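The chain that follows stands alone, in the form predicted on its own, written as structure tokens.
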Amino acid sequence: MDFTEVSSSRGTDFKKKKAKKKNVNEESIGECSEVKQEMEKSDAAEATALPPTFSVSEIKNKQRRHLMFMKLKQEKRKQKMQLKRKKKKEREALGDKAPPKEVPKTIENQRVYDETTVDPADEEVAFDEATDEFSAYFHGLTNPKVLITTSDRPRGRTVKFCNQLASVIPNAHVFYRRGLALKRIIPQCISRDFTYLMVINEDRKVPNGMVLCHLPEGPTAHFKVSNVRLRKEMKRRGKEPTDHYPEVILNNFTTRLGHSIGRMFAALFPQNPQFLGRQVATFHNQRDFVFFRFHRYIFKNEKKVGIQELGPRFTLKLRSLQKGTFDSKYGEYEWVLKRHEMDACRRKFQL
């Protein structure tokens, strides 16, 4: 039997191909590992560059969430104080060469300019002041006399508020409505030489509205009343106010509407303040909210003044201004608050 020889080249070729495939697989695995390392490095770099995605709101436990929030708040405050001290030291080191302080942006200093802004030197404004409904008061021809009343069946808090207003406004008298309509009260007030009718409305035993009617020809203003604090509710209050005529301060009534509202407030008080009483009634307008404060002051020295709040305090928001005396049915309105139109821009104010 003859045997034929078979060359082993086929087996060696198979082994070579297998070795080549192994080398290729090893190279591809090496390349993949290098790519993975590069991706991990890039992810780490991005993680260091970007802020952490952790948020306090993700904590489900309420107490832990509150603690974390307070800690973050304290850290921010510390950083802010450190930056403030650093800037202060730099300004002290530079002295006169220090740059001017930065003015913070607020809603007030970014206010949109109003075309009705009053210029005191304007001839038209002076003519209006000489001929409006309050000219007799400012010319000294009339003395203010105020009637303060309430809505029907007032509660204790509203009654106390009216009595405290009467102690602040000189020549003010408090009377109860007894179911009378305002149209019937106004002629009686005019016949008894009252110059103002003030009506305090309430809701749920809390004062929430004020109608201020100037007599005998108007105008009539309707205010929303909020944040009423009586004297007993105030901390560090002074003694009861005296009968002296107070000084009156009017702040930030710049537009035509604000100018007329400011004159209406000024006409509540006599023009000759008695400085011996050292009492001041302040109407401060800020973002169309009128804040009322009543203080007593004393001069400690040439630079320091001590202030003692007497109360009450409250906040007014103008709702409408009507020509003439109160007439809800046929009255002509000069101005009415339209919230969705007028309050659309936060930097535009009416007063």
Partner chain sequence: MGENSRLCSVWLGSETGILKGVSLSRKQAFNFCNTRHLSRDQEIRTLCWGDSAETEVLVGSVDATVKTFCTEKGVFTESRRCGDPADGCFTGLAALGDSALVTCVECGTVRVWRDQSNGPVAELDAGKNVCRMRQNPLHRNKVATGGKENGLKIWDLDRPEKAVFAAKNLRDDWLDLRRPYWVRDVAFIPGSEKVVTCTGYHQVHVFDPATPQRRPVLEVDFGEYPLTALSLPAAGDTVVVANTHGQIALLDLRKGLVRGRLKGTSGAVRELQCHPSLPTVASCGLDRFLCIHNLDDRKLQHKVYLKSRLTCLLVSSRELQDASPTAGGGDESPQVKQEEGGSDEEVWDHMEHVVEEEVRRKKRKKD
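Positions refer to the first chain, counted from 1. On a predicted model such as this, the values are computed, not experimentally measured, just so you know.
Missing here is the form predicted together with its partner chain; even so, the following discussion is about that form.
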**Prompt:** Does any heavy atom of V125 come within 4.5 Å of a heavy atom of its partner chain in the predicted bound form?
**Reply:** yes
**Asked** Would E247 count as a contact of its partner chain in the predicted bound form, using a 4.5 angstroms cut-off between non-hydrogen atoms?
**Response** no
**Prompt:** Applying a 4.5 Å heavy atom distance criterion, does H222 contact its partner chain in the predicted bound form?
**Reply:** no
**Asked** Could you tell me if Q79 has a non-hydrogen atom within 4.5 Å of its partner chain in the predicted bound form?
**Response** no
**Fill in**
Exactly one of R287, K323, K317, R293 comes within 4.5 Å of its partner chain in the predicted bound form through a heavy atom, and that residue is K323
**Complete:** In this chain shown alone, the residue from E102, E233, E115, E90 with a heavy atom within 4.5 Å of its partner chain in the predicted bound form is E115
**Asked** Just one stretch in 152-160, 126-134, 170-178, 265-273 has heavy atoms within 4.5 Å of its partner chain in the predicted bound form, so which one is it?
**Response** 126-134
**Prompt:** Is any part of 315-336 within 4.5 angstroms of its partner chain in the predicted bound form by a non-hydrogen atom, and which residues would that be?
**Reply:** K323, S328, K329, Y330, G331, E332, Y333, E334, W335, V336
